[in-house]
Structure formats: structure tokens, C-alpha cells
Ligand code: M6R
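Just the one chain here, laid out as C-alpha cells, in the form predicted on its own.
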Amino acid sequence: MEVKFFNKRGEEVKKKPLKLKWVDFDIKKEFEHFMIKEIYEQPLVSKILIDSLKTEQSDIVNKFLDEIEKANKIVFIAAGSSYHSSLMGSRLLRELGYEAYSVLASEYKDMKYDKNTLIIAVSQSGETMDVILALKDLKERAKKVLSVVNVPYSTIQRISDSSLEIKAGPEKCVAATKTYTNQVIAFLYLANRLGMKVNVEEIPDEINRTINMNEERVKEIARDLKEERDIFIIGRGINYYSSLEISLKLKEISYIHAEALAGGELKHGTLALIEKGTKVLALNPSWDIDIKTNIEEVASRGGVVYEIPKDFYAKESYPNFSLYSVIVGQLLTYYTAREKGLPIDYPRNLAKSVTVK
């Protein structure tokens, strides 16, 4: 079969074939669904990414650091799980003293951009239409466009001035698991290089421990959750962004109305929905003092609170705990959906890559 390329004037354009380096990971265990397989791949792909950031992608990392340090304002543009990971990225940069924001790609016009604004696009597929349309509009208006993607040579990568690859390999389940995790790891690594104390090296082993030490406990709780129509996930600070990602997983795969809340917002209305038996998942590391008051507010009204890490294993190192808590949420989502007999890898009405506006 012969393939030819033409420009808009009808002239033939010669293209040089490029060999795509794309690894499918051999996890030596049989799995019922792609989702749980990809959850189990996370220790491996996280290690691959970290090694890559230190070696083959080190020059790109340095470009990112240089552009971040020179920018007056940094705006992450993303959608879905990538938006949640970008919230983590912008939060880390704000803690380091940078003016950083995360904007939903479909709402990107709400932010002001100028020649001192650095754009960082985040997309698993690199083909997310809302992100592509935003970048095409902003390419000439902003200082630079950087991107964090999983798929090499994707449209978003080609639009970008520089691009980091998250090295997660193929992800076949519609729900993002390992791609979300590696996006967050990329931001943790950048934050560490910019001066934040982050133990990046612990992450692969801790993800492995989080999976292995929680699986049986998660199966028990999934049996309690399978009949629930509603669940609330609460966190504060950086953990609020984790609660958003956990709630998205429960909605798209377990078909449960899961609402993420910043803990302090409970008393501004949502407490009216807490009654005897209402299920609440709370992200409650020892260093978060304020969330404990929210847990007491729920419990005093008869709510059933599951706490991370009290009821699940998750190392409480800051800021890595926020990542480990999402791993717990991924497992909880998977086993709840399995208890309900749902089509886990291909949930209704959803597609892996959203290529329409």
C-alpha cells in the first residue's frame, strides 16, 4: 500500500517515516480487565518515567524549568483527569512562589493571556479537541506552549514548542489510571527540581505497597458501596484535587454519583445531605488538622466515614500522599464496579480520547 501526502496547494510533500518507540508492558499476572492491569502497571511505568526524566528527557526537563522560571504567569490547560493532574501541577508551582493556574480547556477564554504567559497543555492522548482548539488560538498570543502527553507525535505534541512524554505506554481502559499517575509524577519531579522537598525516588515502591496492602480491604468496602447512589469525597488543600479525581473515577466506572468537596465547604450547604448511613471518603493525613473537624461533622450526623490512611494504607509523605490516595480510589472504583457487574473498561457514553468539541 502506498501513502502520499499533499499540502493545501495540492503539491506532494515528502515525509520521512519515523519509528515509534512504544512499549506494551508484560505484567506477569492474569487480569480480568484492562483497568486493574493498568493499575498494577503503575509501579513499573512510574519507574520508567522517573528514569527517563533523569536521562533521555533531561534536556526537555531543563527547558521546562527555564521557561517556568522566566514566565510571569503559568497557565495549565487540560480536560478530565488531565485537568485534575494539572491542578496538582499548578498548586505545586504556587507553593514555590510562581503565579500558576489551571484552566479547563473548554473554558480557556476565562483567563487573560499575553506574551509573558507560559501555556502548559496536559493530555493523555495528545488529541483532546478542546485542548487543541485552545492551543491553536493561544499559540501566537502566549509566550510559549509546552505540553505533557503520553502519545508521541500526537497533535498537541506537534503544536508545542517543547513536550514531555509521560512514558505510561498504551492505556486501553477508558478511565485514566497510570496516565494520571505519571502526569502527577512529572509535576512532582519538576517541583523537586525547582526546590520543593519531594521524595520522587520512593514513588514506585510506595505505589506497589499501596496496591498490595489495600486490595483486600478495598474489596470489603466495595461490597458496602455497590448499592449506594451517592458518595462524598472530601479533602483539603492539595488533597482536594485528589478528591476530584477519585470522584470522577467513581462516576465514570462505578456509575455512582460521587461528589468531591473541599472539606471547608461542607458547612456551606452539603451538610444538609448528610444523614444516617451516608457514605463519605475522607483524605485525612496526620498533617491535615482542619479535615478532622469535617470528619467529626459528618460522623455526628450519622454519616459513615472511610478515611485514608486510617482505613487504608497510604504513606503520609507530603505531597506524595495526594498521589497514593488516588491509587486507593482507583482500586475502590474498580472493585465497586466489578461488584456491580459493570462494563469496566468501556463505560457507557464515554470514549478514551475526546476528539470532538
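Here the structure is a predicted model, which means the values were calculated and not measured. Don't overthink the numbering: it's just position in the shown sequence, from 1.
There is another form of this protein, the form predicted in complex with this ligand, and it is not shown here; the text below is about that form.
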query: Position in contact with this ligand when the complex is considered in the predicted complex, options 282, 175, 207, 119, heavy atoms within 4.5 Å; finding: 175
query: Selected contact from 242, 182, 123, 254, since only one has a non-hydrogen atom within 4.5 angstroms of this ligand in the predicted complex; finding: 123
query: Stretch from 79-87, 228-236, 194-202, 260-268 whose residues place a heavy atom within 4.5 Å of this ligand in the predicted complex; finding: 79-87
query: Contact of residue 71 with this ligand in the predicted complex (heavy atom, 4.5 Å); finding: no
query: In the predicted complex, residue 248 touching this ligand (heavy atom, 4.5 Å); finding: yes
